[in-house]
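Below you'll find only one chain, the form predicted on its own, shown as structure tokens.
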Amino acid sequence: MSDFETFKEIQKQMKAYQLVLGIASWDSNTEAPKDAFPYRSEMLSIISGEHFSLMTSEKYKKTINSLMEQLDDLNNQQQREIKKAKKSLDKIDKIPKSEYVEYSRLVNMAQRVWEEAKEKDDFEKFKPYLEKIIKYQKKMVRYREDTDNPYNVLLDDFEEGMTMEKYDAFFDKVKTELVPFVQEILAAKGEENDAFIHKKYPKDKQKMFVEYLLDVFDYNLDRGLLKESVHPFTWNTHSKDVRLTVRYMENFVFSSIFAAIHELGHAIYEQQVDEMFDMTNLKSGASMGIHESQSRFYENVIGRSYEFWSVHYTKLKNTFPDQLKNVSLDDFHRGINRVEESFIRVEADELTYPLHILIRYEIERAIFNDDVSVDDLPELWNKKMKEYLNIDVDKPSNGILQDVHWSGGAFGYFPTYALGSAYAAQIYYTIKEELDFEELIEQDKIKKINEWLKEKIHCFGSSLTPEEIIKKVTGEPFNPDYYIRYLKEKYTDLYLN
């Protein structure tokens, strides 16, 4: 058996563990009973330990290192597989198994504790878990690399090639260009017919409309599934098993509608990855930034457009005739794009959204590069909310406890949301040159847009780097000016013209 055949065989075994752990994680987020978690956490830590042993076995390390010396003999796809495998191996190879298992047990419990803490507005309940997670993250970075900039290591985990230097330049542009523009838009707001937004929309009818959206966006239910969770997310193991969740809030129907469209962006991406990658480590999206570009593209560029609702507003109005009785399409479109200072990131408007991400980016930098104490995080969070959004945070669930990411140790993830939005804008200006984009939306032909995205982005999985994909699609490197242009054009038209 050749080294590459040995590599593929071990990778297949890894995928078996990943499937089991993934299904358990899906169940934890959707259906598992509350009291099951201590036992589940213990059992899953054992499976995680076995998975770790396989990933760090001498046989696997020897095979990877040998293949790294044989790269010139491999084709481009094989080279990419081996380089990604080597990077993943280096990420965990120096971590003691006992610590890896303990960390796995910790995050399996932490998410449930976070849910309870959020529900009860009790940061103190979650704080010990957050302290331990951050301590583990810092230790694991030291195992991997001797660096004065640990946050760079975490950023690269979610967006290959991204550094603080690059993100700083991006967010500096956001601060310089968008913060004054947001204030200008807020000052220009007049009286709006948006009382319909917070009327009561029964959960069962919301679910009916979300199921209608699955069909509109051509989500393949033979390869997918819709469930509920506290925090919406998309999960997959390969292109034929891609699931998404939403949450239904009866006093805020947009939460389920736009969360569904957002997660459909992720899910359609994964369903459209070429099946040839299913049994490889290239089977998923290129990066979280590229992934977020797709979810934000579907949610905002398509889902909040006038053209989209010119087709589907009648369906929504028929679903909620009392709530939308006197609401015109123009008022509805303005309502779903209204700009306001708001507490919650996932419910923020498109214009203020990057400021929510800026806040989290600066806090994570402070945690890992400045050693800010967990005790100080609520105050730091509240201070930055005031600085960038002019909001006084009233309770932890509207502040430090609102996001699930830190309970899973996903530090470095947040910046990809803003980066993904900027990628999406650059892709938007390209797709408009090649397709009758707005016309396709008006004709309810989103499938044609899916096909374009599949050909240009989705089919490649992670066989290309984020930089390669953006250059391949748009003909130039990443350029945040498109993002600023997109937001200013859209909101000038909505509020200043």
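Start at 1 and count along the sequence shown; that's the residue number. Given the structure is predicted, the values throughout are model-derived calculations rather than measurements.
Below, we refer to the form predicted in complex with a further copy of the same chain, which is not included among the displayed structures.
Between 461 to 469, 435 to 443, 23 to 31, 65 to 73, the stretch whose residues reach within 4.5 angstroms of a further copy of the same chain in the predicted complex through a non-hydrogen atom is 23 to 31.
In the predicted complex, at least one heavy atom of Lys240 sits within 4.5 Å of a heavy atom of a further copy of the same chain.
Under a 4.5 angstroms non-hydrogen atom cutoff, a further copy of the same chain in the predicted complex has Arg40 among its neighbouring residues. a further copy of the same chain is not drawn, but in the predicted complex it has no heavy atom within 4.5 Å of Phe478. In the predicted complex, at least one heavy atom of Lys15 sits within 4.5 Å of a heavy atom of a further copy of the same chain. Lys283 is the sole member of Arg296, Lys283, Lys384, His356 with a non-hydrogen atom lying within 4.5 angstroms of a further copy of the same chain in the predicted complex. The partner is absent here; in the predicted complex, the one residue of Lys127, Arg345, Lys199, Arg223 having a heavy atom within 4.5 Å of a further copy of the same chain is Arg223. Of all the residues from 258 to 293, those having a non-hydrogen atom no more than 4.5 Å from a further copy of the same chain in the predicted complex are Asp278, Met279, Lys283.
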